[in-house]
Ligand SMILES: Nc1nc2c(c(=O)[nH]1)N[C@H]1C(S)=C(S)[C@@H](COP(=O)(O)O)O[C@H]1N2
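What follows is one chain in structure tokens, specifically the form predicted alone.
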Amino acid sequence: MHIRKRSEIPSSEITPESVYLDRRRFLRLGATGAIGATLTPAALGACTPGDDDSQAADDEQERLTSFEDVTTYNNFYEYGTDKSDPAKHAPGLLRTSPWSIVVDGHCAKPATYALEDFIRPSAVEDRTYRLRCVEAWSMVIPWRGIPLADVIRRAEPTARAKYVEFFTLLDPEQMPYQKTKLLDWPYVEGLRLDEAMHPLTLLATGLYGRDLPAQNGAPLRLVVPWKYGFKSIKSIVRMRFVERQPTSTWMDSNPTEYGFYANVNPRVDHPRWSQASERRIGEFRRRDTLMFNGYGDQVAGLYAGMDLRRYF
């Protein structure tokens, strides 16, 4: 079966949200051929990149988090500290057009891109990933975006580039909590270059077949599914290739609680709560937290020989 990327699928064929939300019904329809021609990687099953016999969850366990929960229960501290604040404030304040992204640092082809030039339609993909928050809650989200590696290859990083540093928009008029001293603004994150180049790492432009809502980090955010959610920097305006490990925002704010790597490791507790279990939003029961959020088969090799209790 030919699996088409979103750019090859007319809008009339995009799977409706109601079908996304009922995965079992969706798969039954696909088996009968009713929608088989429009199956995307996201539709084929949540989190397939990390599933194996020890980590795979059944269909009921891995059903998609509802669109309402995904878009109303958010961490986006530029708009407030309550989970409901981003959905209340961001849509009326964040202006996503025009939008530009600076790519600079140790690379052969630095540039400033308009968003429409930065995102190559031929590279857009649909992927369903788990998102695991350090606060011990999680979601399963059908993302849309481009592999970060696609952008990195265009920039041609030099031999000095060991890390990629990301910056959120700095504009207190659009992001009013930047007027406070809650964090040292703008929000900054970073990845090691091999992490950034990994096939699972995504620059997300949408979810549930729609453009990213403002509260979810429009128009461009990072998704690194084997790491805690605070690595998923939102509303990105700059990517810089650097030689030394960046100091990310939460490391700067509280280095005893937030490490650079942020790899999901159930055996390393947050100082104020256990990470051994989590609650999937939309459910009441808790479930065991999976190492690397269930993507160990794909990413464990990146950290061979590292002490993941020390490099947390």
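Numbering starts at 1 and runs along the sequence shown. Bear in mind that the values here come from a model prediction, so they are computed numbers and not experimental data.
One more form of this protein exists, namely the form predicted in complex with the ligand; it is left out here, but the text below deals with it.
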Checklist entry - Only one of 68 to 76, 91 to 99, 110 to 118, 153 to 161 gets a heavy atom within 4.5 Å of the ligand in the predicted bound form; which is it? => result 68 to 76
Checklist entry - Are 203, 263 and 312 jointly within 4.5 Å of the ligand in the predicted bound form, each by at least one heavy atom? => result no
Checklist entry - Though only this chain appears here, would residue 143 touch the ligand in the predicted bound form if you measure heavy atom gaps against 4.5 Å? => result yes
Item to check | Distance check, residue 230 to the ligand in the predicted bound form, heavy atom within 4.5 Å | outcome: yes
Checklist entry - For residue 197, is any heavy atom within 4.5 Å of the ligand in the predicted bound form, or not? => result no
Checklist entry - If you check in the predicted bound form, is residue 234 within 4.5 Å of the ligand, heavy atoms only? => result yes
Checklist entry - Which listed residue (187, 208, 241, 226) meets the criterion of a heavy atom within 4.5 Å of the ligand in the predicted bound form? => result 187
Checklist outcome for this item: With the partner omitted here, the residue among 149, 193, 170, 133 that in the predicted bound form has a heavy atom within 4.5 Å of the ligand is 133
Next on the checklist: Just to make sure I understand: among 195 to 223, which residues lie within 4.5 Å of the ligand in the predicted bound form, judging by heavy atoms?
Outcome noted: 215, 216, 221
